[in-house]
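One chain is shown next in structure tokens, namely the form predicted alone.
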Amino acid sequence: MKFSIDQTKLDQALKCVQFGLLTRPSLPVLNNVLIEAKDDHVTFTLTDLEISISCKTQVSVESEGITTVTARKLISIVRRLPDAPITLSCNEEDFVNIRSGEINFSIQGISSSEFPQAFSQIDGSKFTTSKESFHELVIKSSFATSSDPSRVAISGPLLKFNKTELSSIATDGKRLAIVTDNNFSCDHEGQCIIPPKTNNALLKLMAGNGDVEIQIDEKNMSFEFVNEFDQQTTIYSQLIQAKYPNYAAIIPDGSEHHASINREDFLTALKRIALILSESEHGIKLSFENSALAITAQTQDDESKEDLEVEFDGTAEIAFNPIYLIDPLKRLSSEKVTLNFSHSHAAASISDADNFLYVLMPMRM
């Protein structure tokens, strides 16, 4: 195997697949990236048996071939090479040579025959949507997933689709985020839970314009798209095999109060007010009186307060963990959000004009 590739292009491809790396792999070959040169392109693949990420890019192939080499070592070397063409070659003993001008590295690889084929062809629902829309679904909901390793079912977002809607739902048991894309069309309906590692890869890699083709069956799913560096990217992933909780049961049926607030002003004020709070047990109080909102925080020693103009009728008070307010607001792009609530002990919600719904419980102060 022998091919030539620009340093920048190789670095971009390796950055793309590195999300498939394991910290402590059970097999030595899982430390390695599979490199296959064929026709006029080279494909790099990493897998941990639960997720597989491949990146294909056009290169000048002198001789076709396939091998594997330690991923972290290759990534480190390429990152420190000058921005110039690199020639990568491999002999029959899987010795990989990396040459850039007068710089030369030789690394012992492992035969590609030992590299696992973790995923077969997925046979199930298939649909295409825009990368931008899908990335927005993921980024606006994933923050609400659980980090508790014992709660596997809610460790990743629930992806739910029917003929006209694609939704991403996430909860950690204390809050719930739902984002829906209504500009969607599909011949199937179904749902699946995306594992957290796969979800993180999607957050990092699905940038830029273009479409993503998604396939889902009972156990696996795949994503095919062109990444921001114009390289064909494929992610295969196992699905979480668990029953997602009945999230609809905690969505408030209706609310007595509705406050329309400028999102950016609200977010900035919350961040400022929360500066005196050191622990999450301290809450922020929202006091509404017609078109005025007073935001206050108080500890044993300190106090902070800020006033905002809002659209509201009447008088009401409610308190929240500031983190639970800041988390969604900093991920939204809408000009205004609506805070919906009935009283200080019932579930409240935040919504916007872009089909975002966030449910959270108030704090008792």
Partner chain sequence: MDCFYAAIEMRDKPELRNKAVAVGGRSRRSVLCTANYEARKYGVRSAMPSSMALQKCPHLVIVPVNFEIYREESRLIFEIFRDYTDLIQNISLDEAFLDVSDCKKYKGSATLIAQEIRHRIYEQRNITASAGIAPNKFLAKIASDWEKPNGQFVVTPDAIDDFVKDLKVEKIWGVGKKTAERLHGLGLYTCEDVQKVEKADLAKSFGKFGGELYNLARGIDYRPVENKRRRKSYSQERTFENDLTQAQCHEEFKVLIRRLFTSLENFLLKNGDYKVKTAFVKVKFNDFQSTTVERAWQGADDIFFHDLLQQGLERSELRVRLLGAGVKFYDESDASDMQLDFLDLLFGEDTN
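Residue numbers count along the first chain shown, from 1. Quantities reported herein were computed from a predicted structural model and do not represent experimental measurements.
Below, we refer to the form predicted in complex with its partner chain, which is not included among the displayed structures.
- This chain appears without its partner; in the predicted bound form, the one residue of 105, 247, 95, 143 with a heavy atom within 4.5 Å of its partner chain is 247.
- When its partner chain is considered in the predicted bound form, only one residue from 211, 230, 289, 172 comes within 4.5 Å through any heavy atom, namely 172.
- This chain is displayed without its partner chain, yet in the predicted bound form the stretch 147 to 155 from 76 to 84, 222 to 230, 147 to 155, 128 to 136 comes within 4.5 Å of it by heavy atoms.
- When contacts are judged by a 4.5 Å heavy atom cut-off, residue 324 counts as touching its partner chain in the predicted bound form.
- Although the partner is absent here, residue 15 sits far enough away that none of its heavy atoms falls within 4.5 Å of its partner chain in the predicted bound form.
- Proximity of residue 282 to its partner chain in the predicted bound form: non-hydrogen atoms within 4.5 Å are present.
- Within this chain, residue 355 is remote from the site of its partner chain in the predicted bound form, having no heavy atom within 4.5 Å.
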